[in-house]
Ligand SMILES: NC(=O)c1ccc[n+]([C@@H]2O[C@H](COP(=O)([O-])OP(=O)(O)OC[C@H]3O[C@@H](n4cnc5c(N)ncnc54)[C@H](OP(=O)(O)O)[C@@H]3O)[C@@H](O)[C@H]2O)c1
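First, one chain by itself in structure tokens, the form predicted alone.
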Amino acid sequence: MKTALVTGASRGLGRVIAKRLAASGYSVGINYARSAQGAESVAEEIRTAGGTAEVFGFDVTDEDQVQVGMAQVLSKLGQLDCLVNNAIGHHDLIPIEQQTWEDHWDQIKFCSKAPVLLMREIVGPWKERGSGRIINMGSEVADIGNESFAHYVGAKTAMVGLTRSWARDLGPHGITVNLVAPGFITVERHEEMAKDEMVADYLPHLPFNRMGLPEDIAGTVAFLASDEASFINGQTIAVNGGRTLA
């Protein structure tokens, strides 16, 4: 059985991605930093559906925690075949004159630092065996350049460059690195916001007459993790209903 680790999988897109990979036959590692209860809930849903899941609590932006946590992942799962870099911190709109370096760093550490720390723990064995999948979770904001959002836009744009460079480095070793760039997908964190107003503002930009669903994103991740995607490398796959057509 192939194995996958999904970071930030206790809620939101990560939760749905973990469940979809499990349904596709993966033994899934569910990473969380704070919500142990949420992560255990995801694992229980997967097991109830007949899948296999393990829960791993560690902060993917902390080097020491990553080393310890990944050792536990490899010990319990035996090996790792797919890494989904999904974890992200809180990101509000901030007027440009109020943005600080700390605001930018808070996003960069999830979009660049965490993927680097995790990659270093697995890439050696992957190169030796000649296979592996890294799937980075980006965002359409890298193409749109949303105002008052430079801290998040910049971090997600950096992730695109990281993906492309890693794909060149690792492709010769049979390892693919791709990025999924979702549009605005409503998940739990939007419940405290004016979701209806946000949807009303966003929907007219879509050729479709519907918003995207977490399952739309999870399906794309599952495809990139599959054998059918073995010749796709270094790509950004926009899953936003055509929001960035123009």
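These numbers were taken from a predicted model, which means no experiment stands behind them. Quick note: we count residues from 1 along the sequence shown, nothing fancier.
Below: the form predicted together with the ligand, not depicted.
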Self-check item: Contact residue in the predicted complex, chosen from I88, I175, A142, V73 - any heavy atom within 4.5 Å of the ligand
Solution: I88
Quiz item: Which listed residue (V187, A49, L203, V68) meets the criterion of a heavy atom within 4.5 Å of the ligand in the predicted complex?
Solution: V187
Quiz item: Candidate spot P115, A167 and V221, all three in 4.5 Å heavy atom range of the ligand in the predicted complex?
Solution: no
Exercise. Would you please decide whether A33 lies within 4.5 angstroms of the ligand in the predicted complex, comparing each non-hydrogen atom pair?
Key: yes
Practice problem: Report whether the minimum heavy atom distance between A22 and the ligand in the predicted complex is within 4.5 Å. | Solution: no
Quiz item: Might G132 be said to contact the ligand in the predicted complex, defining contact as any heavy atom within 4.5 Å?
Solution: no
Quiz item: Any chance H151 has a heavy atom within 4.5 Å of the ligand in the predicted complex?
Solution: no
Quiz item: Of 75-83, 95-103, 121-129, 134-142, which is the one stretch near the ligand in the predicted complex, taking non-hydrogen atoms within 4.5 angstroms as near?
Solution: 134-142
Exercise. Quick one: name the residues from 1-39 with any non-hydrogen atom within 4.5 angstroms of the ligand in the predicted complex.
Key: G8, A9, S10, R11, G12, L13, G14, N31, Y32, A33, R34, S35
